[in-house]
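Take a look at this one chain, the form predicted alone, written out in C-alpha cells.
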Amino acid sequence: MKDNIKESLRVQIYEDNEELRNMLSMLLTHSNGFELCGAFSNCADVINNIAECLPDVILCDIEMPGVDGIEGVRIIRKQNKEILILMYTVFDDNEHLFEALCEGANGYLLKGESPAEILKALKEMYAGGAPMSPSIAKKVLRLFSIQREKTESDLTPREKEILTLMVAGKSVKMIAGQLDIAFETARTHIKNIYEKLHVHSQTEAVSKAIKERLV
C-alpha cells in the first residue's frame, strides 16, 4: 500500500480493440494526475514492456489475441509481485473473475464504467484498495458467503470481517470508517491477518481468501 498518491500515476494499457485503446489513451493523456506510459494490443511482450515503460499501474483487458490478460497477469506475477494490475473487461462470469484474482490481479472493472470511474479505480488501487465494479463485488461476497460455514481458519470474527471487506476492495481507511475503528487498529488487524495467512500484501490475502474460501 502506498502512503500517498503520486503527483502523476504512470499507467500502461493492454487492449486489443484499437478504438477503445485510443480512447483510454486519450483519457489518461488529458487527465490531471495521470500519465500514459504505454499502450499495447496484447501481453506477448509484457515483461519487456514493463521494463521499458516503468508503469505504476496496468489497465488490462482479458480477451486478447496471442497472450491474453489472465496469462499476462500470470507472467507478470512470476517476476513482479508489486506492480498493480486492474482488469478491465466485459466478462462478469465467475470463471474469469476468480481466475484473474487468483493469478494476482488487484482489481476488476467492467467495461461500461464511466471514464471518471476508471480514473477513480486506478487511484483507489494505488492507494491500497482493490477496486471492483459494484456488481462484481456483490458477486464475490455472495459466492464466498455460501462457503462460510464450510471453512475453517484461526482468524477471529473481527479478522474475518475485515478480510471480507478487503475482498470487497476496501482500503484500510475505508475499513476503519465502515467498522468505526481507529485507522491504526485496522492496520493492526490486517497485519495479524497477513501473519496468520502467511502473506505480505492485500493482493495475496485476497487471493488466498478466494482460493481457500476463508470468508
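This structure is a prediction, so every number in the text was calculated from the model and none was measured. Residue positions are given as counts along the sequence shown, with the first one as 1. Rigid core (definition): largest C-alpha set, two forms, superposition within 1.5 Å.
If you look for the form predicted in complex with the DNA, you will not find it shown, but the lines that follow are about it.
Item checked: Triplet Asn22, Asn49 and Asp68 all within 4.5 Å of the DNA in the predicted bound form via a heavy atom -> Checked in the predicted bound form: no contact with the DNA for any of the three.
Note to self: Would you classify Ala182 as touching the DNA in the predicted bound form, given a 4.5 Å non-hydrogen atom cut-off?
What the structure shows: Because a heavy atom of Ala182 falls inside 4.5 Å of the DNA in the predicted bound form, the answer is yes.
Margin query: Contact with the DNA in the predicted bound form for Leu36, defined as at least one heavy atom pair within 4.5 Å: yes or no?
Written below: Although the DNA is absent here, Leu36 would stay clear of it in the predicted bound form, with no heavy atoms inside 4.5 Å.
Item checked: Exercise: Gln12 in contact with the DNA in the predicted bound form, heavy atom 4.5 Å -> Judged by the heavy-atom cut-off of 4.5 Å, Gln12 is well away from the DNA in the predicted bound form.
Item checked: Contact label in the predicted bound form: Ser201 to the DNA, heavy atom within 4.5 Å -> Result yes; Ser201 sits at the interface with the DNA in the predicted bound form.
Item checked: Partner-contacting position among Val172, Val57, Leu165, Met64 - heavy atom within 4.5 Å of the DNA in the predicted bound form -> Of the candidates Val172, Val57, Leu165, Met64, Val172 is the one lying within 4.5 Å of the DNA in the predicted bound form.
Checklist line | Displaced residue check between this form and the one not shown: Glu18, CA, 2 Å or over, core reference | finding: Glu18: C-alpha displaced by less than 2 Å between this form and the one not shown.
Margin query: After a rigid core superposition, would you say the CA of Leu27 moves by 2 angstroms or more between this form and the one not shown, or not?
Written below: Comparing the forms between this form and the one not shown, which are aligned on their rigid core, Leu27 does not shift its C-alpha by 2 Å or more.
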